[in-house]
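One chain comes next, on its own, written out as structure tokens in the form predicted alone.
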Amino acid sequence: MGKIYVVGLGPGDKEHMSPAATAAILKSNVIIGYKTYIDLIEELVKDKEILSSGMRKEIDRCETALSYAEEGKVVSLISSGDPGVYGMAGAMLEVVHKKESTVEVEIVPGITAANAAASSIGAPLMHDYTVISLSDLLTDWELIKKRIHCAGEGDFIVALYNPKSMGRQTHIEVAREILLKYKSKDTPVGIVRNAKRQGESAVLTTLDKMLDENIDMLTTVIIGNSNSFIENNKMITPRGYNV
């Protein structure tokens, strides 16, 4: 019987990938993942059997990984960020459970997009925060809006994933409108594209003006709480220490 590693690459830059993730990939006979993520680790997988596929093939990738592992192969199933945060970990475990397989699955964590983006703009996540994906492919949009309302009412710092795509242009506008019901228009906002990898850009702005900036699927948007502020081009949310 083989084994499946569900590996989080973090942002994608090797410098921000954990030694455990590198070790799992090197131990594996087979590498399976979304082509864009496989390309990020091409130097590590030159001698491996590689199976890559496009978007929305997550369950196919999990079933393929299980098939190879049941043949005795060691498999790395690749996720960006952390595989347990909007990644492949849950789907892989669900497939193993459904198939009643005894294959061992090990989850290898990675730096999330929220954490990577936060480090690029300062220390915005120093208090309670929530992460909300604006993609409604797998979650009903009405439920997503409800969660945004709850985050605003609770004065959470809010990290928005998948904020805007070619086919989904207005969800970020609605999210901002909802949060303006609870947060000041001057609330600090950090907009980070390609966090901690090649081509990174970061902008600090406000909730009122955030839509003036370029936002797409490679962007993470971090919206502060009522105590967040910007100082020396850094976004800071006080933890409450007596500084």
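Keep in mind that this is a model prediction, so the values were computed, not measured. Numbers follow the displayed sequence, beginning with 1.
The next section is about a form of this same protein that is not shown, the form predicted together with S-adenosyl-L-homocysteine (SAH).
Peer 1: Which one of 197, 61, 183, 176 is close to S-adenosyl-L-homocysteine (SAH) in the model of the complex, taking close to mean a heavy atom within 4.5 Å?
Peer 2: When S-adenosyl-L-homocysteine (SAH) is considered in the model of the complex, the option within 4.5 Å is 197.
Peer 1: Which one, 105, 148, 125, 85, lies within 4.5 Å of S-adenosyl-L-homocysteine (SAH) in the model of the complex by heavy atoms?
Peer 2: Residue within 4.5 Å of the partner: 85.
Peer 1: May I ask you to check whether residue 219 falls inside a 4.5 Å heavy atom distance of S-adenosyl-L-homocysteine (SAH) in the model of the complex?
Peer 2: Flag for residue 219 set to yes.
Peer 1: Within 4.5 Å, heavy atoms only: does residue 224 come near S-adenosyl-L-homocysteine (SAH) in the model of the complex?
Peer 2: Because no heavy atom of residue 224 falls inside 4.5 Å of S-adenosyl-L-homocysteine (SAH) in the model of the complex, the answer is no.
Peer 1: Can you work out whether residue 161 and S-adenosyl-L-homocysteine (SAH) are in contact in the model of the complex, taking contact to mean some heavy atom pair no more than 4.5 Å apart?
Peer 2: Although S-adenosyl-L-homocysteine (SAH) is absent here, residue 161 would touch it in the model of the complex, with heavy atoms inside 4.5 Å.
Peer 1: Please determine whether residue 65 contacts S-adenosyl-L-homocysteine (SAH) in the model of the complex, using a 4.5 Å cut-off between heavy atoms.
Peer 2: No, residue 65 sits far enough from S-adenosyl-L-homocysteine (SAH) in the model of the complex that none of its heavy atoms falls within 4.5 Å.
Peer 1: S-adenosyl-L-homocysteine (SAH) isn't shown here, but in the model of the complex, which of 44-52, 186-194, 205-213, 26-34 has heavy atoms within 4.5 Å of it?
Peer 2: So the stretch in question is 186-194.
Peer 1: Pick out the residues of 110-127 whose heavy atoms come within 4.5 Å of S-adenosyl-L-homocysteine (SAH) in the model of the complex.
Peer 2: Residues within 4.5 Å: 112, 113.
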